[in-house]
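In structure tokens, one chain follows: the form predicted on its own.
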């Protein structure tokens, strides 16, 4: 399993499919978490102050701080989960974060699909619309976040669990952190494999 992941990591590091992202490092390494994780969290893309700078998903920015609060709220640690993104490189526009476009999500979908195949989690938690759309692309589904939030959705290989992203923009305007804590509590229990 680790050899397969190492090959995927090297392939992601050398990927140049997206011209706008070619100079950005792919955030896929041992810093993403445990390859034995039962739960995989999929977010949007590395942020310029977070994973785009630190190389560690959800670390170094306010979204990462909120994610740590939510993870701790359900009694999990980073060492028990795996965290990745729909797009592995930080998309920027004029020096600021931007949403990945459909082509970038499609280009990165093979990396996400292979990551999930390697880890073989019991639960995949998508954080935000972009992440859910990436899973829809892989699964051939059409789930919408506002209709399926905090609902377990059975797929052929894992339980899909769509949630809102913990970014300050979302927690301030769409889904407060207090509600997101309640949503996280509904994640199907699934401890790390030994």
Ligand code: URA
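Since the model is a prediction, treat every value here as computed from it, not as a measurement. Numbering follows the first chain given and starts at 1.
Same protein, other form: the form predicted in complex with this ligand, not shown, and the subject of what follows.
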Using a 4.5 Å heavy atom cut-off, state whether residue 126 contacts this ligand in the model of the complex. no
Quick one: is residue 46 in contact with this ligand in the model of the complex, heavy atoms, 4.5 Å cut-off? yes
Does residue 51 reach this ligand in the model of the complex, with heavy atoms at most 4.5 Å apart? yes
Does any part of residue 58 reach within 4.5 Å of this ligand in the model of the complex? Heavy atoms only, please. yes
Based on heavy atom distances of 4.5 Å or less, which listed stretch (137-145, 58-66, 33-41, 151-159) is in contact with this ligand in the model of the complex? 58-66
Across 82-99, the residues having a non-hydrogen atom within 4.5 Å of this ligand in the model of the complex turn out to be 85
